[in-house]
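Heads up, the chain below is alone and in the form predicted on its own; it's given as structure tokens.
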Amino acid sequence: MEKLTYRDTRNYAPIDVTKGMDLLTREIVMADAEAPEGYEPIPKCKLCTNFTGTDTFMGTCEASMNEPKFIAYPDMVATTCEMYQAM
């Protein structure tokens, strides 16, 4: 798996589009900066085995029972998704 950015972890609280707070150190960090080792990833579609990306900003959920498969955004949070399977 590729390195996690702060915006992809549970240990990050956004302040605005580009920055947020590291909830463990209480420091202001850039959202796209690499998160330290051991930070817990937040469930997102792009981190699910059922997600297939069609381009940078769009994809589909292969676990969907609908035809056509429903559209999923890579950064969509999937904490309540029953079909989410971590990579």
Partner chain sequence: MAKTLKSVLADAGIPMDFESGGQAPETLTDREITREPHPRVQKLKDIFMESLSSASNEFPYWYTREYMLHDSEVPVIRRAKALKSAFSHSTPVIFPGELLTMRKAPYVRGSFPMPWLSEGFYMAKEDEFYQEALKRGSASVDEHSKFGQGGGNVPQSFGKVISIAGKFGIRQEEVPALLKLAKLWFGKSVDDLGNKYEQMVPGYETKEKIMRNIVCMFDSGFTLPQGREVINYYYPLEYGFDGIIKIAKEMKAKVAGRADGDGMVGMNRLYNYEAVIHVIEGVQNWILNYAKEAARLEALETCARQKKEYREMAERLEWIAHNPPRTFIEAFQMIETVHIAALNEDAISGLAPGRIGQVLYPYFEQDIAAGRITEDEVIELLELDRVYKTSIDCFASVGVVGGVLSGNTFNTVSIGGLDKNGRSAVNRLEYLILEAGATNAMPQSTLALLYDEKLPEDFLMLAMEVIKTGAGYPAFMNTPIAQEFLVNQYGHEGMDSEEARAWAIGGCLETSPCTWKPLHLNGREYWIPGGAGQPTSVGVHFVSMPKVLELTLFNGIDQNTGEKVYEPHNRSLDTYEALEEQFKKYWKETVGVLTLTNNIQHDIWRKNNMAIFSSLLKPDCLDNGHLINELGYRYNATFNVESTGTITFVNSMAALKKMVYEDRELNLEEMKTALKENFGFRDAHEINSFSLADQEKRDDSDNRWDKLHFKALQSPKYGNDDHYADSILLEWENFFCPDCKNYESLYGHTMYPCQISVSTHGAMGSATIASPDGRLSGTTFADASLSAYPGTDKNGPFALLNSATVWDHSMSQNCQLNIKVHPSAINGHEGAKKLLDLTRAYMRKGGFHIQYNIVDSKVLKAAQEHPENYRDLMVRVAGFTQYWVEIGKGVQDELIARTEYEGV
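Residue numbers count along the first chain shown, from 1. Keep in mind that this is a model prediction, so the values were computed, not measured.
Missing here is the form predicted together with its partner chain; even so, the following discussion is about that form.
Visitor: Glu37 versus its partner chain, in the model of the complex: is there a non-hydrogen atom within 4.5 Å?
Guide: No, Glu37 sits far enough from its partner chain in the model of the complex that none of its heavy atoms falls within 4.5 Å.
Visitor: Is Cys48 close enough to its partner chain in the model of the complex to count, meaning some heavy atom within 4.5 Å?
Guide: Residue-level check for Cys48: no, no contact with its partner chain.
Visitor: Looking in the model of the complex, any heavy atom of Val29 within 4.5 Å of its partner chain?
Guide: Result no; Val29 lies far from its partner chain in the model of the complex.
Visitor: So which bits of 56 to 78 sit within 4.5 Å of its partner chain in the model of the complex, heavy atoms only?
Guide: The stretch 56 to 78, when checked against its partner chain in the model of the complex, contributes Phe57, Met58, Cys61, Ala63, Ser64, Met65, Asn66, Phe70, Ile71, Ala72, Tyr73, Asp75, Met76, Val77 at the 4.5 Å heavy-atom cut-off.
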